[in-house]
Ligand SMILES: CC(C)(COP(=O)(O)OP(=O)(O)OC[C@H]1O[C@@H](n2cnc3c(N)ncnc32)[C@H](O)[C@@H]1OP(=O)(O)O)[C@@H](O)C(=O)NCCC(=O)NCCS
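The chain below stands alone and is given as structure tokens, in the form predicted alone.
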């Protein structure tokens, strides 16, 4: 199911047979550098597809597949995790081959508009590793403002920056 479209991209729900594409994203150590351990194999990716499908059914949100309109290939994932009532965390991950082409910013912008107009969300937060300057730029370009540096087990052992956008 298509969730939203931007000029160059389609965000859609994951299908179980997208697991190989998911593995190309989350199995890549460069993509996962600031996030955690890369997926080890296709079975882990299949479990992630099932989790995304379940989250979509339960919460109407997940990290959706990002498909390039140009060639209909999955180049990343972008979407939300629920935080609390009317508050979502935005997250995005793209294959390195498309980094620097503005896809993350374009996708985040589409997701923000979708959340505030279709989901009746009041606040979106984003967490980035303090060393992940590229991710911070994407959020700031889309109107997020630095709130604080936070630590704790919920955010893994890494120090994260909290950025926030409210409407």
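What you are looking at is a predicted structure, and each value in this text was computed from that prediction instead of being measured. Residue numbers count along the first chain shown, from 1.
Only in words, not in the display: the form predicted together with this ligand, which the text now covers.
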From the candidate stretches 104-112, 62-70, 117-125, 47-55, select the single one in contact with this ligand in the predicted complex, where contact means a heavy atom within 4.5 Å. 104-112
How about residue 100: is it within 4.5 Å of this ligand in the predicted complex, going by heavy atoms? yes
I'd like to know whether residue 134 contacts this ligand in the predicted complex, with contact meaning heavy atoms within 4.5 angstroms. yes
Residue 35: touches this ligand in the predicted complex, heavy atom cutoff 4.5 angstroms: yes
Within 68-83, which residues come within 4.5 Å of this ligand in the predicted complex, counting heavy atoms only? none
